[in-house]
Every structure is written in C-alpha cells, then in structure tokens.
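Shown here is one chain on its own, the form predicted alone, set out as structure tokens.
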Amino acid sequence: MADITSILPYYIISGLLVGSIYGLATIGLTLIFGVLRVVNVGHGAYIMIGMYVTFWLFTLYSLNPFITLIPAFLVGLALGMLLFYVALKRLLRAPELSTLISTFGFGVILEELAKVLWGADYRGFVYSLGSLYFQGIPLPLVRVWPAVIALGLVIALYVLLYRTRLGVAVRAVTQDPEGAMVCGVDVERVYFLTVALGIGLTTASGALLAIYFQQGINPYIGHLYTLRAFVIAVLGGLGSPIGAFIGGLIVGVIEQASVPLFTMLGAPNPFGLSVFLTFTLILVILLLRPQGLLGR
C-alpha cells in the first residue's frame, strides 16, 4: 500500500493533464447544446478529423504538431459552418429527433469519408520534446504542453463569453432567444457562430489528443470520445462550458489514477473497474445534484 500512495500523485497529475484536454473536447458539445438545445451525437467524428489533420500535416509536411492546432481549428470552423447551413438551420424548430438524426448522419459521413480516403488502418507518429521528472518518473512534455494549451483555450473562451459583446449576445440567446431577438440580437448569427466555434474547439481538441497519445488514430476512434464527452457533459452540467472543463478534469483523474491502483490491488479487469468507478461517481453526483456540478 505504501507503493500505491507514493506513486498516486504522479497519476493524479497525469489525470489532470489529459482531463484538461477531455474538458476542452467536451466544451464544443455542451456549448452547442446550451445555445441551440441541439445534442451533437456525431461529436466524436470531429475529434477524429482533428487528429487526422495533425497526423497528416506532421507525417507529410513535417509540420510541428502544435502548429497543426491552427489548421485543425480552421477545418472545424468550416465543418461547423457546413453543419449549420446544411442541416441545423433548417431544423431549429423541428422535433429533437430530427437534429439527433442529422448530427448522427453528419458524423457517419465524416467517418466513412475518412475510411475511404485514408483506410481503416490504425495510424500514429512519434514526436518528443523530452520529459520532466516527478518522483523520479518521466512526465513527457508532449503531454504537458497540450494540457497547457487546452487550459489557455478554455480561458480564452471564458473571456469571449463573459467579457465581450458577442459573449453577452450568446448568453442572452441561451437564456431567452425571443427576448434577445426583441432586444436586437441577431439570433441566427449567434447560432451560426456558436456551432462554428463549438466544432472548431472540438477539432482543436482532436489535434491535442493526437499529440498526447500519438497512436491508434483511425476513422472510428471518435466513438470512444463521444461516450466520454457525454459523461463529462452530464457530470459538469449540460450547457455549462466551465462545468465541462471541470468534469473533464475529474474524469481524467479517475481514469489515470484508478487503473494503476486497481492493477496494484490485483483486480482482474482494472480498466473495466475504472469505467465502473467513473459511472458510479456520476450516478452519486446526479442523485445529489441532478443538473450536474455547474448546471443551472
């Protein structure tokens, strides 16, 4: 047990690092839901696209993976614009099932297009910046810097939402679209910018996840992140970007710390128990606070 307690802080730090990226990956989902009341069930496909952007720009053009964050974000903006004008704009007043089907369909199209263009093989790359050492254990800088960038993007989003006129308009539309329209807010423009920004942040998080893990990139990798994003969004409170980030930190710590803990304790399926622990915690939190940690 002494060995477990001595190594646990390292895994907690690792959990906070990856959790910050999970949080950023979830913010796009919860932002779109909070403003448009649309659940993007194809969310993970955009993370996959961001991962492929980083992979191909690095392997084909030797572009620094961190620089690929910019084109990944721009690709996400373009996909968000396409998603809004092709589907969501026409379905804003349609039944919820219509938007669920349309976002699911867009996700499937992206996955199958990626499979046709790049094949179903698992891909990866190797990129290193050296390591920091914590308790004598190496902590790769390629896992530290993505977390720092993710935190910076979350802070930038907070400033945008709470310190700018656009942020005031977004929050007004979130609370009362009709009232915001009466006050002169272009509600459709806010919807458009929200979807574009949400998908842009999602593909940017995919680029950061590709740098963090570097292996296992394939057209269907987004399924895992879709499930994780929904768990984090519910935990933090649907519609709350900051809640999504905090939820990502919690899930990241549980994921990183519980697996080695269960392994040292001799559990037969450490990863399965980690997932069980995550959902148990979420169940307890939702029983005590059904709206999530920061939901209102």
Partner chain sequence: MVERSWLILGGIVVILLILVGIGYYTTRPPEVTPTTPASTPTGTPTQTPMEVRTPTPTETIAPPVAVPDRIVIGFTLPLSGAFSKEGQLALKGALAAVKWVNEVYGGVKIGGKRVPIEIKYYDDESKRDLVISLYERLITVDKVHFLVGTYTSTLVMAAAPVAEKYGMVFVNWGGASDLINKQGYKYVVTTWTQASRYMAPVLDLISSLDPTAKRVALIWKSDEFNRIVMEGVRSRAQTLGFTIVYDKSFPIGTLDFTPLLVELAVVKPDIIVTGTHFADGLAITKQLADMGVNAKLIAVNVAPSVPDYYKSLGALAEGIVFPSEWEPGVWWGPDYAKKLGVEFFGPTPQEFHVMFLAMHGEEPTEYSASLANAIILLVKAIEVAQSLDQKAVREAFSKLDIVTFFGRFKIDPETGFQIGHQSVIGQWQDGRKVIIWPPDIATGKPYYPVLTWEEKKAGRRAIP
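C-alpha atoms forming the largest set that superposes within 1.5 Å between two forms make up the rigid core. Numbering follows the first chain given and starts at 1. Note that this is a predicted model, so its numbers are computed, not measured.
The same protein also exists as the form predicted together with its partner chain; that form is not shown, yet it is the one meant from here on.
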property: Distance check, Gln214 to its partner chain in the model of the complex, heavy atom within 4.5 Å; result: yes
property: Heavy atom of Tyr127 within 4.5 Å of its partner chain in the model of the complex; result: yes
property: 4.5 angstroms heavy atom contact with its partner chain in the model of the complex for Asn269; result: yes
property: is_contact(Val142, its partner chain) in the model of the complex, heavy atom dist at most 4.5 Å; result: yes
property: Residue among Leu161, Leu151, Leu74, Ile137 with a heavy atom within 4.5 Å of its partner chain in the model of the complex; result: Ile137
property: Partner-contacting position among Ala94, Leu166, Met81, Met181 - heavy atom within 4.5 Å of its partner chain in the model of the complex; result: Met81
property: Segment assignment from 214-222, 173-181, 151-159, 197-205: heavy atom within 4.5 Å of its partner chain in the model of the complex; result: 214-222
property: Contact at Pro65, Gln291 and Leu294 by its partner chain in the model of the complex, all three, heavy atom at most 4.5 Å; result: no
property: Partner contacts in the model of the complex for 93-132 (non-hydrogen atom within 4.5 angstroms of its partner chain); result: Ile109, Glu112, Leu113, Lys115, Val116, Ala120, Asp121, Tyr122, Arg123, Gly124, Phe125, Val126, Tyr127, Ser128, Ser131
property: Core-aligned C-alpha movement of Ala257 between this form and the one not shown reaching 2 Å; result: yes
